[in-house]
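Before any questions on binding or motion, here is one chain by itself as structure tokens, the form predicted alone.
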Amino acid sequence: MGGSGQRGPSFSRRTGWCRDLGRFGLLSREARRGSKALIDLTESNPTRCGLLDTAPLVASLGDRRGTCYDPAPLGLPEARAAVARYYRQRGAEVSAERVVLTSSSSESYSWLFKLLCDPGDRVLVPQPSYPLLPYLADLESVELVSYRLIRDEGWRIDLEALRTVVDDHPEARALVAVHPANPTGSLVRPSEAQALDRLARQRGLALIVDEVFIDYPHGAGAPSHLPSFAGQSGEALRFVLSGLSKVALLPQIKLGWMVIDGPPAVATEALGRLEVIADSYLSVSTAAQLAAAPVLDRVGELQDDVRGRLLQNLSALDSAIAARGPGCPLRRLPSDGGWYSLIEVPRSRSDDDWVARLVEQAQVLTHPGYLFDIEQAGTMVVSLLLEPAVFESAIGRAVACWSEG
């Protein structure tokens, strides 16, 4: 008989996401389709922003040793040594034996959720934060719980509120810190780092510290902040994440890493378990690992170019606001680092209405703050990576539009 009673395959509840683009998604799609004159101030892909030529670094993928396959689950020794050297050049003492290579920071999160959590366990994450984290957590059947960064105090961690969140969620297994935070650009202060380590040790939590933007400080207070969690003293189990996507402006090479610190016995156990996870996937390409040393040893000029551009574009943003006079209703929120800037605009319109108005009147696309879990309306997020002449033109038009309402 026919298949009228047949059932199709069922899908995991983990992937039952709402795939509706939402108003911003529709606006941005139509804006990109509809106008060649549009300037995209959401652009954060370094390969599309006219930075220094990375062709010599990409050429490092042509190492002939890549024709052979001899898998090393934790990563090839020379690549792990290159990562350790990268940290030592920045004043952090890191052992290559405590470096684990992954294909990306997203995969690092995925492996750590597997390592630390059973289905239904909780992980504490900052708010605001990057919108990718909920998807990564869903894929591992892990639940996220937010803790606050205080907007009016330079996005510092609300430690008292964090302790309450930890007390309310004894099933939490890990605490995520982002240094500098994305998109707020706030760096973790040394006193906060000590408090996080103490809290994690007391409550049996692992620390996961995302440092993908650590090489791009630009705030006045940045030099007084913690340079990196890697190699710092502490008693909690700690995983520090980064990768070539931001460090070397090479997201296409797909090489990330984590550095493991903490009590020797616990760190060794974590490393052993991660080796089994890594061996189950063997996701990091040999070519990318062979390129790690020549790439990491040559990133200085590239990073200088990025830092210079960030400062130049921040200056252009500040000048555009200042040019509107003391009555300008806009304010750039201070930040210590990263590739983004947050701008307070009048709350006379919804964030999506502002996005639409900016596209229509100024031919400029920006991110609404709610995409990053910013609760207060009237916060726009712009990328600082664009070429300075392009950024200056776009931000001038945007500031005029926001100011005039």
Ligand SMILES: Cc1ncc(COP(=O)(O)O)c(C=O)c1O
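This is a predicted model, so every value here is computed, not measured. From 1 onward, residues are counted along the sequence shown.
Keep in mind that the form predicted together with the named molecule is missing from the display, and what follows is about it.
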Per contact check vs the named molecule in the model of the complex (non-hydrogen atom within 4.5 angstroms), the hit among 275-283, 301-309, 104-112, 318-326 is 104-112
I'd like to know if residue 137 sits close to the named molecule in the model of the complex, meaning any non-hydrogen atom pair within 4.5 angstroms. no
Quick one: is residue 213 in contact with the named molecule in the model of the complex, heavy atoms, 4.5 Å cut-off? yes
Using 4.5 Å between non-hydrogen atoms, is residue 295 touching the named molecule in the model of the complex? no
Any non-hydrogen atom of residue 175 within 4.5 angstroms of the named molecule in the model of the complex: no
Among 122, 218, 246, 98, which has at least one heavy atom within 4.5 Å of the named molecule in the model of the complex? 246
Just to make sure I understand: among 116-143, which residues lie within 4.5 Å of the named molecule in the model of the complex, judging by heavy atoms? 130
